[in-house]
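Shown below, as structure tokens, is a lone chain in the form predicted on its own; questions about how it binds or moves come after it.
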Amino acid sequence: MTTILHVDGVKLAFGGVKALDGVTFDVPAGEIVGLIGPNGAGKTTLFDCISGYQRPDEGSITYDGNVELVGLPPHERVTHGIGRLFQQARMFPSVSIRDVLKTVQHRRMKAGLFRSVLGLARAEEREVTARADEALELVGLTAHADKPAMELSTGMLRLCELAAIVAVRPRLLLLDEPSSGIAQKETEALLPLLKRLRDHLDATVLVIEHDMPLVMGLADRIVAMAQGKVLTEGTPAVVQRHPDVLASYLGTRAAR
């Protein structure tokens, strides 16, 4: 099986606090991998290292076999096909969501005088609009395409952020608590939606999630962390029975 992301011995400390302490695991291409652990386990810090917002003190993060991500700025990681959803929805409040989805594709637009004369700029604009509309349809927001973000519920904003990621067609999606702040009914709808997006993009998903029924039903594999280290990894059925996971994440001990 091909590995799309290899995290090897990643360490990062803030002062005397070890946020990441030798984290190592692989993300197989095409799978959905869940990253779980209690608050303070280092999950979001690891995402920051993968997406370029933090630089590890030690270790390597290799993407697609030979691309070393450590030291690569965030915008270059996007061009390599890495997209990230943050914990909190972040949208331009007065801009329509269709225009937001067109804006995130701006790196594809190469319009200048020469291209305008040839009509290429208009062709690119049509393509960008088509991608935005396709993404809105995939997440079920077509009817709200012309609404500004300020008029959307928290759940709709999360869907809009997912649509923005879909519009740039990443190969690796980093989803940081996609169910954060949304209603239970919306959370239940996330599972089939995220699987549908993975299949549509032919992408790989690494997802941080505290909603156990959601992540256990969604993920092909689980990586469990605590105190900056990997406790265990494996299928959801294996991980949720692991005594260290029960102790560190669920606060209980496995029956002996």
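A residue's number is simply how far along the shown sequence it sits, counting from 1. Note that this is a predicted model, so its numbers are computed, not measured.
As for the form predicted together with a small molecule, it is not shown, yet the points below apply to it.
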V245, heavy atom within 4.5 angstroms of the small molecule in the predicted complex: no
Answer for N66 alone: is it within 4.5 Å of the small molecule in the predicted complex, judged on heavy atom distances? no
Find out whether any non-hydrogen atom of T45 is located within 4.5 angstroms of the small molecule in the predicted complex, and reply yes or no. yes
Indicate whether G40 is a 4.5 Å heavy atom neighbour of the small molecule in the predicted complex. yes
Partner-facing stretch of 214-222, 66-74, 198-206, 31-39, counted where any non-hydrogen atom is within 4.5 angstroms of the small molecule in the predicted complex: 31-39
